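Just one chain follows, in the form predicted alone, and it is written as structure tokens.
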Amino acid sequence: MTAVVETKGLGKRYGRRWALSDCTLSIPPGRVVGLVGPNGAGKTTLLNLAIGLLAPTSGVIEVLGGHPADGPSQLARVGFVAQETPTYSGLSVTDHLQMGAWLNPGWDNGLAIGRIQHLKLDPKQKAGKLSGGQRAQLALTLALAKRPELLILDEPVAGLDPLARREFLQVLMEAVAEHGVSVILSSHLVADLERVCDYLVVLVASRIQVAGEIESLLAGHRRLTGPRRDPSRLPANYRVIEASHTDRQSSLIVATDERVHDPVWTVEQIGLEDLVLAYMSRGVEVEKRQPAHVEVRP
């Protein structure tokens, strides 16, 4: 099956700074993907490369087996909601739907009108008078009504209150269940990702740290707690992701598919937040040990 997004050695440089570096990734279809990382990690850069707003500095990227934004047919296959959930403040809800119908040949007007009615949005209301949650829902409706195969969302709920976030994510999951669209959702709110996502990509300091099915990732990581020990003395099949120590105790998060037989360790499964934070911390530490990734010019 064709990956919805596939990259090989993908990189994007702004001046002397690399916003994305050596990104190799293959996201399978039919997934709701959580793209998570700290601010400035390169999440928006990766998504803008995927929708064709940016061109790579190095490497290659394919979306749904084609080049991003390569003509009208490719553009029609991808829906996008930017971080600001952009709408036009002077246009009414109806104006937005009419604009969507004019711009998108595959526009599903019945879907758009049905969602507006379900959300109880006043068709005559100007977008500038809507709440933040309503504007986000309008932007999502516009993206869904073009009937995309892939929906890309760049932190669409970052500025919303908890209730509005929950309503947005509920509508999103209803659309996934009804239309079978693949989704990439960028967010730094792990609780939201845990609620809706089944696939995870962690991006830190412009580099991919881990990617995979959430259930498998959680099954393959454990927290070990026991007497203080040098992590380098662990068996070779234990990959230490994060380590913390007191004078007498060590707490390690390790990646391993093997059972832990050493009775000195207390073994616990970890949750999604622990997993994400461990890889984010690891990425930051690795970045600190490496030379600054900039282009040196004579």
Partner chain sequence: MIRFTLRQFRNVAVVSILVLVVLAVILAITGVPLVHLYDSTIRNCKAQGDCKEFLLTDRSLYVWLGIIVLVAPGIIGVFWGAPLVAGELENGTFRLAWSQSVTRTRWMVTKLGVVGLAAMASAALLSLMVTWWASPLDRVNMDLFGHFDERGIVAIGYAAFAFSLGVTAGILIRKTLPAMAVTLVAFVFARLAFVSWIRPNLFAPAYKALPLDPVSTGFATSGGSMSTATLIPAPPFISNAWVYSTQIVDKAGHALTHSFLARACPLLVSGKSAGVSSAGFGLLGHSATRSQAPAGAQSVLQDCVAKVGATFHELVTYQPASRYWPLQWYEMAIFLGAAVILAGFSTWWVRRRLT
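None of the values given here were measured: they were computed from a predicted structure. Positions refer to the first chain, counted from 1.
Keep in mind that the form predicted in complex with its partner chain is missing from the display, and what follows is about it.
Within 4.5 Å of its partner chain in the predicted complex, do we find a heavy atom from each of 53, 103 and 142?
Yes, because 53, 103 and 142 each have a heavy atom that approaches its partner chain to within 4.5 Å in the predicted complex.
In the predicted complex, does residue 71 come within 4.5 Å of its partner chain, counting heavy atoms only?
Contact with its partner chain, yes.
Would residue 173 count as a contact of its partner chain in the predicted complex, using a 4.5 angstroms cut-off between non-hydrogen atoms?
No, no contact at 4.5 Å.
If we define contact as a non-hydrogen atom of the residue within 4.5 angstroms of the partner, is residue 121 a contact of its partner chain in the predicted complex?
Contact check for residue 121: no, nothing within 4.5 Å of its partner chain in the predicted complex.
Is it the case that residue 80, even though its partner is missing from this view, gets within 4.5 Å of its partner chain in the predicted complex, heavy atoms only?
Yes, residue 80 lies within 4.5 Å of its partner chain in the predicted complex.
Of the residues 111, 211, 75, 164, which one places a heavy atom within 4.5 Å of its partner chain in the predicted complex?
Comparing distances to its partner chain in the predicted complex, the residue within 4.5 Å is 75.
Just give me the single entry in 177, 191, 219, 99 that has a non-hydrogen atom within 4.5 angstroms of its partner chain in the predicted complex.
By the 4.5 Å criterion, the partner-contacting residue is 99.
Since the chain is shown here on its own, which stretch among 113-121, 183-191, 86-94, 203-211 would lie within 4.5 Å of its partner chain in the predicted complex, judged by heavy atoms?
That would be stretch 86-94.
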